[in-house]
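The structure tokens that follow cover one protein chain in two forms, given apart as structure 1 and structure 2.
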Structure 1
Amino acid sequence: MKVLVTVKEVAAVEDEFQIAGTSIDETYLEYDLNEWDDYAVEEAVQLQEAGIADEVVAVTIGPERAEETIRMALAKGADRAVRVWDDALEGADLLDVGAKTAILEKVVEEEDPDLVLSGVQADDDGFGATGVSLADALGFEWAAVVNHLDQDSVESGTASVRRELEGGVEELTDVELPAVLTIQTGINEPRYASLRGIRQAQRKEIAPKTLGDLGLDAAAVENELTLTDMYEPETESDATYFEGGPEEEAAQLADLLREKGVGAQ
């Protein structure tokens, strides 16, 4: 059995950063594996360790910089990886679900996996729709927001899963393979990449693919979404911020409390 895991590189700001207008300079950004995808990788590797999966392949859409992120998936146990990028994607402010689906669909057709695992959503755009959209394009069955997977059922060709629904309700359901499962955080405990795993990851294959390699052209990944504006939202809270040293802030707080009628009688 082959398991394909879709992973994404996401940006996070450093502890101290500056905002210029509504943008943050690249120098203040750090890139890492999307949290939800980390759980999907762990689930795939556990299937491999249980002797159910013969091969785990990670796939990402991203520039050369993303190889550092996808090597984390390799260091944690994935056997090899595919990275898709193209000049036609360079200028996109936001890669929408349709474009991602078109690319990943072609990779799945090439790899022919029995099971596709994807994080429920990404830290940055938070669409939460790519996995289900991919299943629809492929004609695969799917289950979203999966927080438990019965490994034994996968071996028999049916994924018995538990899904997290609204209001704390959970659903038990069976999904026939091949299928796409979007993995929720908490389904497992993602491992840290060992030093040995990191070293081995340097020797594992990351196959670069362009749109042309997948039989696609720029028109296939044209965004239907356009980033039109960004702005700082108006605060609706009635918070008061104090500035100064501890004694100055304490004095300001005491003054405010007295103004509000709070004080010792």
Structure 2
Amino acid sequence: MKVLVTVKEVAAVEDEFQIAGTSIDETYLEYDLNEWDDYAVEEAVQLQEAGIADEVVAVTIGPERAEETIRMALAKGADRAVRVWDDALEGADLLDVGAKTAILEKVVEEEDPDLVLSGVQADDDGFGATGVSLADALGFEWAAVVNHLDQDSVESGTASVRRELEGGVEELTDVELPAVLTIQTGINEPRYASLRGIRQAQRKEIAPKTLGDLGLDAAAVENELTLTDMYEPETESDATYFEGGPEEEAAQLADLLREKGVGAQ
């Protein structure tokens, strides 16, 4: 069985930052593997270690810089990777769901996996849509916001999953393979890449592909969404702030808490 994992390099923003136009100035960004995708990679690698997956392939849409991030997936155990980038994608503030779906659909068709794992959402654009959109485009089954996967069920051709609903309720669902599952944080404990893994990752293949390589042209990734403005949300804070160093702040807070009857016993 082959498992494909979609991963994305996302930018984390420092506490203090400046916006330039409709993007955040590069100086204030640090790039990392999307948190949700980290859990998806771990789930795939665990399927491999259990002898259920024969091969784990990571796929990303991103510029050359993103290879650093995808090597993290390789260091954690993915066998090889595919990276799609193209001049036609350069400079887009936002790649919409349709464009991402069109690209990943072609990669999945080439790779022909039985199972695709994807993070529920990416921490940068927060669309939370690519996995399910991709499944529908492929004619695959799917389940969104999965926080448990029964490994044995996968072997028998049906993924038995738990979906994390709101309010501490989980839904138990069976979906036929091939399927796309969008993975929620907390489904497992993502491993740190070992030094050995990091060394091995250097020798693993990251195949670069352009839109042309996938049989697509620029029209396939035309964006209907345009970012027109970016700004820091207005703070609505009307909180009373305690100031004057930790001891003084703690003392003021203690007064308040005593007033409220906290710790009176």
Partner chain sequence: MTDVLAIADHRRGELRDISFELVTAGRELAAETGGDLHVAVISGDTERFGEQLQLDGVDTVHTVEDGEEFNHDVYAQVVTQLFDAVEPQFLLMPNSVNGLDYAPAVANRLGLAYVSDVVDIGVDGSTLTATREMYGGKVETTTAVEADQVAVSIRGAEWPVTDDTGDADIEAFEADVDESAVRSTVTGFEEVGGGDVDISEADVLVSIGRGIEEEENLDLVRDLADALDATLSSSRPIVDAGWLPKNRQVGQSGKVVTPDVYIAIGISGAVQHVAGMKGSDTIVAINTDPNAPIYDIADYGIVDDLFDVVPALIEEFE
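Worth saying up front: this structure is predicted, and the values here are computed from it rather than measured. Just so we're on the same page, rigid core means the largest C-alpha set that superposes within 1.5 Å between forms. FYI, numbering is relative to structure 1, first residue = 1.
Matching each structure to its source, the form predicted in complex with its partner chain turns out to be structure 2.
Residue displacement note: T226 has its CA displaced by under 2 Å between structures 1 and 2 (rigid core superposed).
Shown in the overlay between structures 1 and 2, fitted on the rigid core, is a CA shift at G126 smaller than 2 Å. Once the rigid core is overlaid between structures 1 and 2, A251 counts among the residues whose Cα shifts by 2 Å or more. Once the core is aligned between structures 1 and 2, the alpha carbon position of G168 differs by 2.4 Å; this is the C-alpha shift at that site.
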